[in-house]
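Next up: just one chain, as structure tokens, the form predicted on its own.
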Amino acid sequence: MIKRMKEKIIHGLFFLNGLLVIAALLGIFLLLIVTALPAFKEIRLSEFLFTAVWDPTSYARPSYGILAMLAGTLLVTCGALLIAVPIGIGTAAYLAEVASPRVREIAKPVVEVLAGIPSVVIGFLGIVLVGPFVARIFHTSNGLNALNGSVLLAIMALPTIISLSEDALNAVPVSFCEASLALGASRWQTVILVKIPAALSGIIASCMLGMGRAIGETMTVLMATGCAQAMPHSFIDPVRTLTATIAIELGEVAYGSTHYYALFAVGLALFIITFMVNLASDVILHKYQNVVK
């Protein structure tokens, strides 16, 4: 009787925690909607989404177009993933299959320490190290551009991708590898053709979480991408992201102004993008699981 009561209490606590998380998420979403809606009394939705000029302080006609910022955010994020995903999965495979216990004991804490480095420090390193290197290679006046931001965000996303991908690879049943080796496959073929496909759901989840880290990062892109309010055409162009715009302008904008509400609309757009990324990852995972079954 007492044991059953304890189980009910524990079940209730877990259920309550789940409800609190859902309530917090819905609260944030509703707050963004309620605060962003007044902006669209003055701004057309088509202008907000499909124009590239963001100039809310213009005396002639204020402009509130996020297309250039949206392009800059996606450019920096995709660049970060192109760098971080192959390196992260390769490092995870090395730690899970090749590295000796001694190397693993050293490498794991290094990866965890990398995750704890403040973003402002990463941004500073981008200004003094990565930026000048990029400028010398591409012969630009400075290295504050989308490529610099991509490299820095890749560094910040690597710990998430490496740790979760390694856990996913270690969770693959040993019998899978033994069967592959018994059929004559080499260790390399077993890792590439058996372990990584078997752990693909966890690897995809790690990449999506790394993408979420890149999309939501503020200080690093604020310091290292140039913050230019213009449509980017390549990785060596300076960009301004959605998060950087909110961080730069929200502290100085007049409360209750159209500009104020427009910044919350930018936050709502960022929230929706993150939600769509998570939804896409969930759909991909379910499709993969159905294929495996």
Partner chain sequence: MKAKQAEEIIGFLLLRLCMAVIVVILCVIFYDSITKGIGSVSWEFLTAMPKNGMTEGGIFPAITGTFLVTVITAVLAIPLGMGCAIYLNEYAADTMVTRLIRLSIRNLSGVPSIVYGLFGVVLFVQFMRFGTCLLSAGCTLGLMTLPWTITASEEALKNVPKAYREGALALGATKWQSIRTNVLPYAVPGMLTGTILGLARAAGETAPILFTGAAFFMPFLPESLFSQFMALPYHLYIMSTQHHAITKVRPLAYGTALVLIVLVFAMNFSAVVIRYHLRKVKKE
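Positions refer to the first chain, counted from 1. Being a predicted model, the structure only gives us computed values, none of them experimental.
Separately, the form predicted together with its partner chain exists; it is not shown, and the next lines address it.
Of the residues given (219, 82, 74, 200), 219 alone sits with a heavy atom within 4.5 Å of its partner chain in the predicted complex. The three marked residues, 14, 90 and 117, each reach its partner chain in the predicted complex, with a heavy atom inside 4.5 Å. Contact with its partner chain in the predicted complex, judged as any non-hydrogen atom within 4.5 angstroms, is confined among 157 to 165, 200 to 208, 133 to 141, 74 to 82 to 157 to 165. Taking the partner from elsewhere, residue 247 is found to have a heavy atom lying within 4.5 Å of its partner chain in the predicted complex. Taking non-hydrogen atoms only, residue 28 approaches its partner chain to within 4.5 angstroms in the predicted complex. When contacts are judged by a 4.5 Å heavy atom cut-off, residue 59 does not count as touching its partner chain in the predicted complex. Its partner chain is not shown here, and in the predicted complex it never comes within 4.5 Å of any heavy atom of residue 235. Contacts of stretch 6 to 26 with its partner chain in the predicted complex, defined by any heavy atom lying within 4.5 Å, are made by 7, 10, 11, 14, 15, 17, 18, 19, 20, 21, 22, 24, 25, listed in sequence order.
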